[in-house]
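Listed next as structure tokens is one chain, alone, in the form predicted alone.
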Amino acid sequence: MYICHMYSSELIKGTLKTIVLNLLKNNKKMYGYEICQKVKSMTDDKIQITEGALYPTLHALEKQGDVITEKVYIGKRVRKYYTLTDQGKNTMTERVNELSDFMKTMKFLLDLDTSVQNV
């Protein structure tokens, strides 16, 4: 039986901008619910982003100039798509590199080895 363990909201909060920027790089343009579902699917439900966490992050990225929005009307509904700007592509690269280096540092600091876990 497979039991799914979700990661703490504290870990997700610290990496959410990086996750969103990288998803937008790989998917060109996405809307909020689509981002939530894609992350959930890609992580086998280990990371579930709430709207309460996602939309403030998207608005902050837009305010910083890392993403732009486009409204698309679907019948009576409006769907807001988010797309990376050139600045956002640079920010994404910087954040991914920073997170990668941080994970290496944490692995060293916590004395973790991928082949043998010290439990």
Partner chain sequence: MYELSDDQVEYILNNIEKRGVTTEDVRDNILDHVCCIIENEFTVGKDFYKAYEDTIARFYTKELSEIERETENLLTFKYYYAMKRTLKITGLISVILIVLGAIFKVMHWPGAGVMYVSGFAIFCLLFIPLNIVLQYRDDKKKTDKLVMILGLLLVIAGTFGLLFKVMHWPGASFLFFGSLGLFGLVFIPLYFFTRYRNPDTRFNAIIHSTFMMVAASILFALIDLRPTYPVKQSVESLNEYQEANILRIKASNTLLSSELDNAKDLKEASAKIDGRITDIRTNLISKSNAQHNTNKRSSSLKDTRNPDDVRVIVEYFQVSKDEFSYSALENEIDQYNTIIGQLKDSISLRAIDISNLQMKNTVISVVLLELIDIQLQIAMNENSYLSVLRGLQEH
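Everything numeric in this text was worked out from a predicted model, so none of it was measured. Numbering follows the first chain given and starts at 1.
Omitted from view is the form predicted together with the partner chain, to which the following refers.
Heavy atoms of Ser41 never reach within 4.5 Å of the partner chain in the predicted bound form, leaving it off the interface.
Proximity of Lys80 to the partner chain in the predicted bound form: non-hydrogen atoms within 4.5 Å are present. Mapping the unseen interface onto this chain, Cys36 counts among the residues with a heavy atom inside 4.5 Å of the partner chain in the predicted bound form. Although the partner is absent here, Thr57 lies within 4.5 Å of the partner chain in the predicted bound form, judged by heavy atoms. The partner is absent here; in the predicted bound form, the one residue of Lys46, Lys28, Lys63, Lys89 having a heavy atom within 4.5 Å of the partner chain is Lys63.
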